[in-house]
Structure formats: C-alpha cells, structure tokens
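There is one chain below, alone, in structure tokens, taken in the form predicted on its own.
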C-alpha cells in the first residue's frame, strides 16, 4: 500500500503561478511522513493533491501523477477514491457533513457510504469513537461541539473508514495534551496495520511522537529529499 507523487506540479484556478512544482514524494505501507514548512509553503496544497481533491473537486491544472497502490488517481471515480484515501482538514468544521443529528451518525456516515453492512458499520463507529475517547459525545449534535471536540470527530470519521492511505493537515491544532496523545496512539495503530500516512504539521514534537520521516516543503518544492 503506497501513496506516491511523481513529478507533480499544480496550479489553482485563476492563478498563473504554480503552488506546487515538480514534487516527488513516496509514502510506503505503514509509513508516516511528516511534511513541514512555513505558512504558504504549499503544505495544504500538497495534502489536497495527494488526497485527490485537487484538481478533481476544486479545479486547477495538475501535471505529473499521483499513484495509489500503483494506480493513477486520474482513473479512479469519486467513491473509489474515498475508499482508498482519507483526509482530515486543518479546519475540522468544514469536514462535518451537516446532515446528521448525532456524532455517532456523523462518524458512521463514511462506512454507510461505503455500503458496509449495519453490524460492520456499528462496530467500526464504536471502535473509532473509542480510539479517540469520545464515546460520551456519541449522542451530541455535531454542531454543538467545541473546536477540539470537532477535530476529534473529524479524525474518528476517517478512522471508521479504515483507509489504506490517510492525509492529515495539522490534525491536532485545537487539541489539548490528552487529545494529542489519543490521536498519536490512534495514528500509530493505523500505521502498524499498514496505513500509509502523510501528516502536514508545524509541531515537530508531534511528528517525533509519530516516528515520522520528515520532509520539508518550501515555495512549492520538496526541500529535503523524499
């Protein structure tokens, strides 16, 4: 299970300048790669491209290729892509569906959309809630959570889908120390099961706790060999 970018350049719609330029990056099975860099260096853009959201959902121009297990994202349909690559955004509120009445339903939504049986969906949802210790939020309304709680729900939603590959853009920005610890444990468990993970993060202590291989991006280019 690998996630690989080969000679990837990307330009946002309406822009002349490319946000990414000739990026080569490989995340192997069970590996965690930490992506660091200054603000506006290209971290979030690289996450969008690696997850397939750019250009598929937001438009723009992509050169090069993004491969998931050796298969180009260009040939995958939206539902196929969602089953293979999960993403957690820097703003977790933007990840909530807005159509569920409880946190349990929100976390279960991904497995339901994958067409899983009810028993499997319930088991995955309970396990994901437990992994980040938010079982007590199961019956809460998603729109009545704090920023940190929303972030944990977003992460649990991805855990429930058990993606082969996971892209996270500053996943612990709003969490306290205990929340960070829970997320680290959950991500390490995923990696031990073979999930390939790309984590964009300023906090090098967090990346060290994840035993991540660190690469740096500057001006849209990988500055440290990938």
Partner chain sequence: MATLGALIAGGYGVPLVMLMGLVLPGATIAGLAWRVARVAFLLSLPISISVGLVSVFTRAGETVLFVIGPFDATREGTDFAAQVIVRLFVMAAALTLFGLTTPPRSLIADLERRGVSPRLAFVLGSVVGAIPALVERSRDVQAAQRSRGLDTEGSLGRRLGGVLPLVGPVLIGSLHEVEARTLALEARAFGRPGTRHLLWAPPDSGLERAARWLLLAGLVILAVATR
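Residue numbers count along the first chain shown, from 1. Because the structure is predicted, anything quoted here is derived from the model rather than measured.
Omitted here: the form predicted together with its partner chain. The next part is about that form.
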For this session: Could you check which residue among 133, 82, 138, 76 gets a heavy atom within 4.5 Å of its partner chain in the predicted bound form?
Result: 82
Exercise. Is residue 190 a contact residue for its partner chain in the predicted bound form, using a 4.5 Å heavy atom cut-off?
Worked result: no
Exercise. Is residue 147 a contact residue for its partner chain in the predicted bound form, using a 4.5 Å heavy atom cut-off?
Worked result: no
For this session: Flag residue 63 as yes or no: does it have a non-hydrogen atom within 4.5 angstroms of any non-hydrogen atom of its partner chain in the predicted bound form?
Result: no
Exercise. Does residue 184 reach its partner chain in the predicted bound form if we count a contact as any heavy atom within 4.5 Å?
Worked result: no
Exercise. In the predicted bound form, does each residue in the set 94, 100 and 109 place a non-hydrogen atom within 4.5 angstroms of its partner chain?
Worked result: yes
Exercise. Heavy atom within 4.5 Å of its partner chain in the predicted bound form: which residues of 46 to 75 qualify?
Worked result: 48, 53, 57, 58
